[in-house]
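Only one chain is shown below, in structure tokens, and it's the form predicted on its own.
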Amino acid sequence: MNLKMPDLSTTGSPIKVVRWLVEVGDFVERGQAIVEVETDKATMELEALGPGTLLQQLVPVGSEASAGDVLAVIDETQAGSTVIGNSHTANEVSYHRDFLLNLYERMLLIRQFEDRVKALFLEGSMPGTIHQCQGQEATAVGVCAALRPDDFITSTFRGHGHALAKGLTVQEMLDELFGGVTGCCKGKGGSMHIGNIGKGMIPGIAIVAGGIPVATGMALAFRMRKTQEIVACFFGDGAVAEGAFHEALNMAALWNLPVLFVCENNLYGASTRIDQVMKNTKVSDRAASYGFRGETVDGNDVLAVYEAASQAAQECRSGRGPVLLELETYRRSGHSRRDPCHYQPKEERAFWSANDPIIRFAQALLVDGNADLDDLDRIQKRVDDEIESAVEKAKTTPKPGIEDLLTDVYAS
């Protein structure tokens, strides 16, 4: 695996290697800082995209390199894992087996959670309404795996997957969906406003595109405080037509704010297909008009999403401004719980079902030897047991009382 110099300089000038942080022969972990470099604007650290042993340092301290130059060679064959190949469409990178299995378990947890919640609503035991994300698990898991614990995300009314990927527990979410005071929002948010600020997720915003300017404002705060935090902002393709999208992206670009805009392009805004409302359906192209980078990624390939988000997060953190990632995916469920999806052609549904992110990743794990059927069965049982236990507890969680009406409320 080669560690390459990213395009860090806004002027296109060479970038100087200031200090090597590891020695040849050292083992490095994914995300570990390898080398410190200096641009015409700032000094920053470059991180390893995967684990392995540092074999070569190709650029000495004090020397300059340009974007795309190879700085170091890392031997990933000594990382204790093999390379995912069949489902992974990005550059081949070696990952530790535990990391891969964690990605799989997190995606499966989202799918099983959503299926169980759907059943609870259908049987009439859960209040409110739901907007689900079956089929989009790789977008949430891939992006959140690339974030640090102190980073934040903003979400939408379709936020269950984002919440589980960011580290909210099944229990606090089910308590919230049942309206309990032990829920992540004390029973006042429900499905459409799920979140936990303590875990880096502000409650979901139900207004289409409503979270985009909020994320931009958060990124401005990070910059003013001179912290290393970034914010990843999830939204759907329908939000791209809103004025808030354009205004927030323009502001983020002007001020080089550390915000990662993540468009989960599932082809439909409610029941309207994207090609009926946009002549240019490649959402990532919009970034160029504001002067920053956009990229379209296979949103059903969790490792492709993870690698794209990791690179984008590094760019945001290093002061290069925002990035727009368009993740092409597909929701298997309707817009909301009463939507039978009759507007989705059978051939289209069949195509995307054949590209299910969880099945694809499971097959890759089996083929490449990172898991066997017993491993997958154990994960399945662990996920099912966790959800069923949480459901039983959530059904009896205490509800807010009259005295709670005026607590945690901002006066206008």
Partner chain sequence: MALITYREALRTALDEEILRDENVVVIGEEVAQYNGAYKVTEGLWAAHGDTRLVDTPISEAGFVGMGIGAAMLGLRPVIELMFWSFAYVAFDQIVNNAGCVRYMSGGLLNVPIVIRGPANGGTNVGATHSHTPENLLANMPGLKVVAPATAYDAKGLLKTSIRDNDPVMFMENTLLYGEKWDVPDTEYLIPLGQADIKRAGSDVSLIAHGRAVITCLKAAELLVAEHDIDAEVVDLRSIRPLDEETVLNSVRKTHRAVVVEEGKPFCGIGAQMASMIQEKAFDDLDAPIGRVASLDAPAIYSPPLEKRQLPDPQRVIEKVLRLS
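Please read these numbers as outputs of a predicted model, since none were measured by experiment. Positions refer to the first chain, counted from 1.
The same protein has a further form, the form predicted in complex with its partner chain, not shown here; the description that follows concerns it.
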*Among 141-149, 260-268, 186-194, 317-325, which stretch sits within 4.5 Å of its partner chain in the predicted complex, heavy atoms only?*
186-194
*asked:* Would you classify V73 as touching its partner chain in the predicted complex, given a 4.5 Å non-hydrogen atom cut-off?
replied: no
*According to a 4.5 angstroms non-hydrogen atom cut-off, is G167 in contact with its partner chain in the predicted complex?*
no
*Is M251 a contact residue for its partner chain in the predicted complex, using a 4.5 Å heavy atom cut-off?*
yes
*Spell out, yes or no, whether the shortest heavy atom distance between L122 and its partner chain in the predicted complex is within 4.5 Å.*
no
*Among the candidate residues I202, L101, M126, I274, which is the single one with a non-hydrogen atom no more than 4.5 Å from its partner chain in the predicted complex?*
I202
*Contacts with its partner chain in the predicted complex, stretch 209-230 (heavy atom within 4.5 Å)*: G210, P213, V214, T216, G217, M218, L220, A221, F222, M224, R225
